[in-house]
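Below, in structure tokens: the form predicted on its own, a single chain.
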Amino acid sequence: MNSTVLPLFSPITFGRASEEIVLQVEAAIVDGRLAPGERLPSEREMQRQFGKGRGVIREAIKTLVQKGLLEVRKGAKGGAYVRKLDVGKVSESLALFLKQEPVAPEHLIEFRESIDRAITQLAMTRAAQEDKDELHAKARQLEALLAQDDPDLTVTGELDRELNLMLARMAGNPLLEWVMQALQMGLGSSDHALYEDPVFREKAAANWSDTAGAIARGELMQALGFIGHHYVLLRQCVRSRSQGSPETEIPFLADSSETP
């Protein structure tokens, strides 16, 4: 007995046709009925399954291409194919969302602090010692640059971004790396405010060096203590900017030679 192959899609009976087609194709990709690299049915077959004309099908495919879910190939094996999602595109989409959605500085700082703590604990467990030493060397480079009378904030900002991404890679979890990439492309954590302010920049840079040093030495509690101090400084800096007046510094009890 011959088995019956069920159609991939259902006829459109209501709503805006092209949008409904987009939703059905997205659902087929998400639930695995359409795998990366797989070709969609021909335009004629899609017209038959959806019960709509060629123009509507092409409009939906164009939308899916713009979303990065499909690519159109030409030639003998041409057609619309499911794209494998690019990590960079995922991070860019999240970064764009962060830029467009209003996020209170405190919420962003709170989120970044929790992410940094998780990343640091994993990095100390999983990363090779040479990677930890390289992180420390780059953090000391940042400290030296920001100690200059008139530091190049573009260069130091890029180095700070590199340090954050490097630490995320050291954690060995791609989800954490993607989120960190998005944060760096989107809003960061207002770290730029620390480096733009002469009152805070050297303290923040020294703290990065202290944190990386503790990671290199395998001193987890000290590293977490320095991370906490970074966000104390950041909250002070953001608050002083919003109020237009300098803040009294909150003392930090731990230094590079004592455990918090």
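What you are looking at is a predicted structure, and each value in this text was computed from that prediction instead of being measured. Superpose the two forms; the largest set of C-alphas matching within 1.5 Å is the rigid core. In this text, residue numbers run from 1 along the sequence as written.
One more form of this protein, predicted together with the DNA, exists but is not displayed; see below.
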Proximity to the DNA in the predicted bound form, single hit among H107, R126, K84, K77 (heavy atom within 4.5 Å):
K77
Picking from A28, V56, V232, A206, the single residue whose non-hydrogen atoms come within 4.5 angstroms of the DNA in the predicted bound form is V56
Answer for L176 alone: is it within 4.5 Å of the DNA in the predicted bound form, judged on heavy atom distances?
no
Taking the shortest heavy atom distance, is Q66 within 4.5 Å of the DNA in the predicted bound form?
no
So in the predicted bound form, does any heavy atom of E43 sit within 4.5 Å of the DNA?
yes
Using 4.5 Å between non-hydrogen atoms, is R239 touching the DNA in the predicted bound form?
no
Please state whether every one of the three residues R16, R39 and V72 places a non-hydrogen atom within 4.5 angstroms of the DNA in the predicted bound form.
yes
Assert contact_stretch over 198-206, 216-224, 44-52, 30-38 against the DNA in the predicted bound form, heavy atom within 4.5 Å, equals 44-52
After the core is matched up, is the C-alpha of G172 off by 2 Å or more between the shown form and the other one?
no
With both forms fit on the core, is the shift of the CA atom of G79 between the shown form and the other one 2 Å or larger?
yes
